[in-house]
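The data below hold one chain only, encoded as structure tokens and taken in the form predicted alone.
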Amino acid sequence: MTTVLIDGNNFYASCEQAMDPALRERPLVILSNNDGCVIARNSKAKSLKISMGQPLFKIRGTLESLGVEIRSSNYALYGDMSRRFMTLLKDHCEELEIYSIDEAFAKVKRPASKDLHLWAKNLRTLVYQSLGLPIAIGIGTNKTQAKIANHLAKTIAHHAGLFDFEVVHNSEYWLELIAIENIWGIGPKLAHWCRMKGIKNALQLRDMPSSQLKAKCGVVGLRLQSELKGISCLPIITKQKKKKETCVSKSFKHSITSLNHLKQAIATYTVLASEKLRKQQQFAGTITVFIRTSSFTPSFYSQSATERLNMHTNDTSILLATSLRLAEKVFQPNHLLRKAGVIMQDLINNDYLQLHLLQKYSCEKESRRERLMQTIDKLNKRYGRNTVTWATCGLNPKWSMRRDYLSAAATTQLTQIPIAKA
């Protein structure tokens, strides 16, 4: 079987365009948390030389004069579109490794003709018809070659989003086109070291003395070099590893100074974290709460507190009680707090639970609590987040994250489904 990398083009922007087709004809940028910086662009925005990471407050006037559409990050939309995308891919690949929100490695059997172009073309058409997402497909002997092929599929227009590295006649020509910085696994420091050695592209990296590469980055470098030579070193990982920690943290729209507002924020993040734990089928044994002011203020303040639970759990009420106690410990008045977060640690699988010798445990009570949590999760999933929540989270808090350009959660909330008028 051959290795394939399937990647969503300009994924965040493509998700927004799928929900609002009018955006396809206009330049579009997506902003980071609190509408801070540009973190994604569509092809039209890229053609206007709008760079990644530019703060909105510096380029707002420029964006308006160029007619650029602006959207706040809509993570509910992107996450749901990613889930649908990966579900489609699983039906058309023998093995699938979900690498990121918009990327997946796969194993695919070549037909008798050895030509995968028809399969790739049909898959690209299916994904676009089903989700409105354009994708690029790179095919190679291993993961590194598939990454290179995917890069070529997106950068060379006449390949139309598809490149098969295994069937090209002159592979060295294509390797020479790949700059050292664009090779998967090569970071800025290693790229700089390579250029100091005269290694400027993938072909030169493949053919350089292995002893030099091993001395610099050990077996990782040798593995990368072997993959460039066509040897498979990195397997497809179909089963995702369980998380060791789960963190929910966000910056505030406005600085907060009161304990009440801090508790609302910590409670909101704890509710989100407990939902993630149940989705991951895990229990938490330790909770950490942290807060900090802006790093640009003269009197910088940062504090955290940790507490270990008597028994592992993903029950929101138990986690809330603990996190609110920790919020009281870390809070200090007269500090302009800009960010807070909750970290669930010491995670274990919920298939088993280690009981506490000195703490009473009732199977009937735990079963009722589990059913209650499941019911709340189902209601929030069906009717939208915070349909049922805890009062301590507050209603429409003023400190919540700035998202002035947020689009509708059209795939996850019934009330926000677009209406077509005929």
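Under this definition, the rigid core comprises the largest set of C-alpha atoms superposing within 1.5 Å between the forms. Note that residue numbering follows the sequence shown and begins at 1. Keep in mind it's a predicted model, so treat the numbers as computed, not measured.
In what follows, reference is made to the form predicted in complex with the DNA, a form of this protein that is not presented.
For the three residues T87, A284 and Q413, a heavy atom within 4.5 Å of the DNA turns up in the model of the complex in no case. You can rule out all but one of 317-325, 249-257, 109-117, 156-164: in the model of the complex, only 249-257 has residues with a heavy atom within 4.5 Å of the DNA. Among heavy atoms of R223, some come within 4.5 Å of the DNA in the model of the complex. Among residues of the shown chain, H169 is not one whose heavy atoms approach the DNA to within 4.5 Å in the model of the complex. The DNA in the model of the complex comes within 4.5 Å of a heavy atom belonging to V219. Proximity of K244 to the DNA in the model of the complex: non-hydrogen atoms within 4.5 Å are present.
Think of it this way: in the model of the complex, the DNA has a heavy atom of just one of I183, L175, L123, V271 within 4.5 Å, and the residue is I183. Of the residues given (H151, R338, H261, H335), R338 alone sits with a heavy atom within 4.5 Å of the DNA in the model of the complex.
Of the residues in 262-280, only K276 comes within 4.5 Å of the DNA in the model of the complex through at least one heavy atom. Positional change of L205 between the shown form and the other one reaches 2 Å or more at the C-alpha, relative to the superposed core. L190 is among the residues whose C-alpha shifts by 2 Å or more between the shown form and the other one once the rigid core is aligned. After superposing the rigid core, the Cα of I287 is displaced by less than 2 Å between the shown form and the other one.
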